[in-house]
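The chain below stands alone and is given as structure tokens, in the form predicted alone.
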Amino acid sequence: MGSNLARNLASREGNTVAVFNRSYEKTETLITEHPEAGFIATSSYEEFAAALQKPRTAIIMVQAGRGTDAVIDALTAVFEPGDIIVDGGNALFTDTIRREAAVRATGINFVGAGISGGEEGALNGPSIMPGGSAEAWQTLGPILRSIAAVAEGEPCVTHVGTDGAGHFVKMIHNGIEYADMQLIAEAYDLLRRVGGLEPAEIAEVFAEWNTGELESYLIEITAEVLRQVDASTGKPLVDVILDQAGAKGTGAWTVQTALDLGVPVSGIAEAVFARSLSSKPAQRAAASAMPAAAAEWAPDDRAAFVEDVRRALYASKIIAYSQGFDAIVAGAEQYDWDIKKGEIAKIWRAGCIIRAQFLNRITEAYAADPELVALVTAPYFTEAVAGALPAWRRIVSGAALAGIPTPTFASSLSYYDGLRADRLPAALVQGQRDFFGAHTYKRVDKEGTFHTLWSGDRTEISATDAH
């Protein structure tokens, strides 16, 4: 991804790119394979710094963690005040906050930039989410605009906010990506196990869905994966791939951060847990003989069933994005970032993994109401979910009765029902908390905070809030 990003930069008129890798062999390979890029090869940090025009701009593309800190320390030693160091890896945003403060003390600008699109996006135009100072953005903005993906004439990059804001938004992007991928996988599973469709047939279903409101990169590539036939066995490739999904950690970070912020991201969490469950072969083998007590599910009308799955997928996808933007709003409040939600949706329209047609609708929703309390409550999305609701309920209930796991479909529907409920059983939970821990409660009929003397005469007294 780093070499492709360097090639992207070098391909833009007026750019000359210096490259450095701790293994000079890799640098030589890049230079040899891509002479058209006109790279300046360097073999030391000092040589790399000397090759750059001032104010220098260096983009780091290394694995997150101690390696990133080592490269930052080395660059700081050879850079000068006013220069810019950009971390384009998937760093944890709190690490970026720490690094930005440390580097800023030297007079050098540090920018944590989320870059989405994988190797192809890095080469042809990624979606870029930079944080950092306004001063750094003045220099960096034109450079990043020149290499970013373009959607409807606009480059998919914006200054997200200070210090760790860029990496925070990229983290949430990846969390939504987890949910989106798991939802698609559950839709595939239903179409195959209940609908009786073969992978090649399901590929055509997804290709058709990609012409409508579900149009997205992930739907597009799903059709391609399902069409692929394994050369050695002649079977669909999906049937010879081990059903254990890997993860790089950004999904887990999203869920952990949301817990800290007190934001429910249940669809994203279930997607993360689904990957974890898939990667527990010993447990799954031990449980394989456990009773299912499942009812047979054989829809009379296959076309109607396929449409129900499509609608359930779309409604659940809306919830995933709504929860993701809730986390962005909460993060912005917690860390004092001025994140413009509509601009984030715009830069996700091309280049990134979760690029999708309905991102324009998200931009429109926040343009109409910048203080929107939840994305799903915007008129367009409320109407879309209402239209999908009967199908969504049929799919989730049918899957439960048939013993087919649909964790993200089900949790998304449960979240929706919880969000719209007039009253939740949390009142009982609060009563329980007061009973065993004197955590107090509030009442619906008068102001104040109260506690019942459960171990005494059970009278109610005024109390100090102990939530």
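Please read these numbers as outputs of a predicted model, since none were measured by experiment. One rule holds for the numbers: they count along the sequence shown, beginning at 1.
The same protein has a further form, the form predicted in complex with ligand 6PG, not shown here; the description that follows concerns it.
Proximity of Gly117 to ligand 6PG in the predicted complex: non-hydrogen atoms within 4.5 Å are present. Though the partner is left out of this view, Gly107 does not reach within 4.5 Å of ligand 6PG in the predicted complex, counting heavy atoms only. In the predicted complex, no heavy atom of Lys317 sits within 4.5 Å of ligand 6PG. Ligand 6PG in the predicted complex comes within 4.5 Å of no heavy atom belonging to Glu100. Contact check at 4.5 Å (heavy atoms) against ligand 6PG in the predicted complex: none of Ile172, Ala327 and Arg349 pass. Stretch-level contact check against ligand 6PG in the predicted complex with heavy atoms at 4.5 Å: of 109 to 117, 337 to 345, 373 to 381, 229 to 237, the positive one is 109 to 117.
This chain is displayed alone, yet in the predicted complex one of Val225, Leu92, Leu389, Ala247 has a heavy atom within 4.5 Å of ligand 6PG; that residue is Ala247. Residue Ile353 is the sole member of 336 to 362 found to place a heavy atom within 4.5 Å of ligand 6PG in the predicted complex.
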